[in-house]
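Let's start with one chain on its own, the form predicted alone, as structure tokens.
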Amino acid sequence: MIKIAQLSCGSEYSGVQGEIERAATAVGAKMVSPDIDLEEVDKSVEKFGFSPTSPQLRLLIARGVALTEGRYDADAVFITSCFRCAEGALVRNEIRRYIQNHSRMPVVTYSFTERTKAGQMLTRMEALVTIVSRKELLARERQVGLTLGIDSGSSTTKAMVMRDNEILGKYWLPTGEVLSSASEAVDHALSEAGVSLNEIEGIGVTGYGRYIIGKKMGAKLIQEELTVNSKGAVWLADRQKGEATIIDIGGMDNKAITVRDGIPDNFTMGGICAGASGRFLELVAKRLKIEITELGQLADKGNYRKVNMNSYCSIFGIQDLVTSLAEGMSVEDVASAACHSVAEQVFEQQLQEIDIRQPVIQVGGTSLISGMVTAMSDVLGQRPIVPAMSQYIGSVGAALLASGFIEGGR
């Protein structure tokens, strides 16, 4: 059984601990807490270089140091503390960096509230288990055979047909009913590829609807989107060797992932609300009475500094934009402000929890909105790579990884 070392503060007293353990059990892992002698705590804190006031945070640090020194065996690390605690946030981020600098274990951090998002917790645990158990699969650089990848996302459903590392057919459409959306996407992708479903040797599925679609289609790979999307991103960007950072701003949540040689080693996901996602951009486009595809070009012509946005909330953010329009601000300026609002939130909420590595690869449907790429460029101080077909990362990654399950290994 895969052992995930838990470094935490406050989870036992907030009602979160049971949820953490249930998520680990659901993906076949076991949460463990490194054993620490009390006399080792002060030495470890001194070695770490920061002495927090909280005894629990000091114990968290000591456990992290013990892991890096090989005094306790684990396969991956889960670091969590309450989002309200500033000292906890500092320790959480710095011990994550310390472990990454002194070991090769995959690490994920999580700041919990009284009402955690069970789906996000499960996805984090599943990704950690996948990285440990399927490292060789994730490291594969080429797709072999004839495979089909399906990405059932919150906003769109994508399908991709590949043969021997080449894309033969693809299709995407807005997600409606999960199974019918997947069926339509698959039919179109197969038609473009000129092959039938019976010829497909391996099927991979990811995204929110992966379990129902995977069961229906007999998929050989049913996998969470963090590892699948990162695989698709580095393949499309031709960055499977070396380091990279992947930014995926989705319809409902965001992901920031760091990779080494195509394998994720740190990631974070989520956001405070929909104001940090593609859904907010859809609301803005609707209010401006334009297509979402037009938003980016308008934003590139505007100046976000002219618009006063006092809230990152999707509802209050729209109110700020409406007020700006009523005050005579241009549609271009409002569109630019909307894109920058999302980019700023991604930077403040996700990118602060990882160490940005070069190059930065921006993917997902929102990467097709040029104003969103411009906004991320302003925030990062450099323009990210946006590979061709960047919206297909999930379906590409699923097709790539599904080839590892073809009989005989091809």
Partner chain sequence: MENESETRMIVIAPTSDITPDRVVRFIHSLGRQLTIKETCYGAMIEGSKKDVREALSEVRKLDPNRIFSKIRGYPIGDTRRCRAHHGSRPGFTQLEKEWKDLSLVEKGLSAAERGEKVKEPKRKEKIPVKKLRDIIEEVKE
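Positions refer to the first chain, counted from 1. All of these numbers come straight from a predicted model, not from anything done at the bench.
The protein also exists as the form predicted together with the partner chain; that form is not presented, and the subsequent description refers to it.
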| item | value |
| --- | --- |
| Position in contact with the partner chain when the complex is considered in the predicted bound form, options R357, K30, K43, R383, heavy atoms within 4.5 Å | K30 |
| Contact test in the predicted bound form: V379 vs the partner chain, heavy atoms, 4.5 Å | no |
| 4.5 Å heavy atom contact, I36 and the partner chain in the predicted bound form | yes |
| Complete contact of E12, E21 and R63 with the partner chain in the predicted bound form (any heavy atom, 4.5 Å) | yes |
